[in-house]
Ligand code: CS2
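We begin with a single chain expressed as structure tokens, specifically the form predicted on its own.
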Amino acid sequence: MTVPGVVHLGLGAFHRAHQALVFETLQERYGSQWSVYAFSMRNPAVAEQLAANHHRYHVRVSDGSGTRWKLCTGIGQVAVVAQAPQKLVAAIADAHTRWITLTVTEKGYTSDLANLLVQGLHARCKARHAGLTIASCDNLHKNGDHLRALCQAASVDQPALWDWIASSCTFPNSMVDRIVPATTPALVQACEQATGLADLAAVSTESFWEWVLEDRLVNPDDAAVLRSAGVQVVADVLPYELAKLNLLNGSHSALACLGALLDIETVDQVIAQPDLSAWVEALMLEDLGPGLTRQDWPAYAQSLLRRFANPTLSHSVHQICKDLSQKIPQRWQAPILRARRAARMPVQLAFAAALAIRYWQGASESGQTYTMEDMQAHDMHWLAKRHAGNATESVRTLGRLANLWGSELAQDEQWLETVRGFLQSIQDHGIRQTLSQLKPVGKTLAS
């Protein structure tokens, strides 16, 4: 049996359509040291599906030139942390393990996660094995630094262990970019038609992908190896991270709220409507992009519009709205503050903020209700429903939540009044009429 060299936490669709494919390429070129032992954190379904398929699964890759199916063999073993946490500890401590990667979503970075990692690292230290490169691949600002701080806090009563972790392990920051919708029954059916197999673990994605990784690795030779597979290993990830968080993730959350409220099911269907697409474009050009230090951000933003328009992905707007309260601080807060500190009002983002407040009421403009999956869904829905129809009280309540917007924006009266005005207009005249008043400033990306 192949002995994996990479332990991965988070067995969702994104990992299976992104890093697992990179590691598969590396296995083909450099051997089993890049094979993956993948752990689902709680849900056993995907692990069971993969185990039944000998850890193989299909990936559908679609772009403007067509669609192709690929059988992925990059995952060597699977397990579920909630069922057998000792397997994770043992895998981290195994002498063959070289890397740990994580895609556990923004809400997954908890003390429990850090405690598990530290337990494994403790066992590894006691066994006198080499340190590990531990790479967070989630949409968190300075994700590696954040994970390192969590692990330091988890080992605060074990200073000798932390000294070993700090001196032997690295926590590089990274940025990953690829659109990967959740697997649907329609995708499984399409897989069976194309391959003859009803693969419940199949995933669908686009041809575009990026993985930008900080050059802070335990084994410096890994940088050249990763570059050979298309990973960008750079001195500073921050310009790429902020561009992705703001432009892709930020616009995704905004257009998802817009689609949910207008009873539009998928991202490509939103982009197919000229007035909605023009607003997403203006949002990126006017509010999300200015101030970013990634030099090619206008071209990156333009590519996003083409990627969003890909009809094969069928990316559900409600899936993107999941955990909205955790995503807004990461995706919108920084560009709003950049504008406000430059004495400019980011009107497109103010409209997006009004959409978010309206979204938390739990029903579209036509009255269709939807389920909100969010750690704070109950509180947000209760507040939004309590003040539904009263824009002033809605913004006074939801717009002043410092954990959502940050303390500076929660006290910015001009910003709050602008959001209130848009919410009032949405209530009085509807989303589309309000949107028609938001004229883009200057040239658009397509011009």
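Note that this is a predicted model, so its numbers are computed, not measured. Note that residue numbering follows the sequence shown and begins at 1.
Below: the form predicted in complex with this ligand, not depicted.
Segments offered: 314-322, 352-360, 218-226, 69-77. Contacting this ligand in the predicted bound form at heavy atom distances within 4.5 Å is 314-322. Using a 4.5 Å cutoff between non-hydrogen atoms, residue 177 counts as a contact of this ligand in the predicted bound form. Contact check for residue 124: no non-hydrogen atom falls within 4.5 Å of this ligand in the predicted bound form.
Put simply, residue 248 is close to this ligand in the predicted bound form: some heavy atom of it is within 4.5 Å. In the predicted bound form, at least one heavy atom of residue 252 sits within 4.5 Å of a heavy atom of this ligand. Between this ligand and the residues 376, 310, 139, 266, the one pair within 4.5 Å by heavy atoms in the predicted bound form involves 139.
Residues from 225-244 that approach this ligand in the predicted bound form with a non-hydrogen atom within 4.5 Å are limited to 244.
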